[in-house]
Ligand code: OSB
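Take a look at this single chain in structure tokens; it is the form predicted on its own.
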């Protein structure tokens, strides 16, 4: 398939309520949509960066720069037989995984559409619906968190993840256990702690948490190994795992027992499939994390989670968890029992609503082959 034209749309989607983690608060979700045209087919991808370098070093502006000046010129006007061969084209360019993912995923969508098959089938997925959990940001009080969790449980979400940070951790988690009993519960620290906090994590060991996600440095696998050796509770790595090689090294060191996969963080669906196969071979549970994606990124996450290695409920919650209006139809809706249906249409299986893209668009660039 020949890559003929690529559009980059910077959107700012209002969130229904602020979402707070240990590294900041988002009130608007800024992201980049990649629109890729190839031989009469349009594929869509999402670049899930933040405006500031808080989750990682990438930002909306750096992603635009990488796409316009480096990634798109490497593929525009060229033919690729498979999305993996496109990913190979920018192998010499280091880092900038989220920018790469937007382009790689857009081609996956186009490639599946050209073959009239769902993206899930193109990836080798085996599920018709996926179990989903929900991520709860840092609230103003423990009581407010309990009320929000109660709502999500009543809606049917199959796992509760709460964000924690120093001073907002043990009291909250014990209150959740006391109020809701043995619900599937995990804590996400977003790298807010150090090895000096080992006594805290040892106290949390009796709470029966599913996992503690990324408690230590965002680029660390050595200290995590020391912490995991002290705990019964599994450590799940997120920010530390950028490549399949990172996953292998972390598992060899004993740094974690579970891995959270984010499509953007590892550079797109092509490298992610290699990471998936490694973890399946080593019997390491996977789940799909979220970056407050729009319906485009959400559709990619749903397709990915149909793979056999994704054995734990992910963060791909329903669209109305974050947005009053999504940019795709049909929006992802929670089904009874805490599941999302896998779209049956070709590619990502949802239609991008151009009028909504225009409504929330704050910048737009088009790059066409000569």
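Positions refer to the first chain, counted from 1. Keep in mind that this is a model prediction, so the values were computed, not measured.
There is another form of the same protein, the form predicted together with this ligand; it is not shown, and what comes next is about it.
Of the candidate stretches 258 to 266, 229 to 237, 104 to 112, 82 to 90, only 258 to 266 has residues whose heavy atoms lie within 4.5 Å of this ligand in the model of the complex.
This ligand is not shown here, and in the model of the complex it never comes within 4.5 Å of any heavy atom of residue 360.
In the model of the complex, residue 323 stays away from this ligand, with no heavy atom inside 4.5 Å.
Heavy atoms of residue 118 never reach within 4.5 Å of this ligand in the model of the complex, leaving it off the interface. Looking at residue 163, you'd find a heavy atom of it within 4.5 angstroms of this ligand in the model of the complex. Residue 290 is the only one of 131, 290, 244, 125 with a heavy atom lying within 4.5 Å of this ligand in the model of the complex.
Exactly one listed residue, out of 35, 58, 30, 315, brings a non-hydrogen atom to within 4.5 Å of this ligand in the model of the complex: 315. Contacts between 100 to 130 and this ligand, taken as any heavy atom within 4.5 Å in the model of the complex, involve no residue at all.
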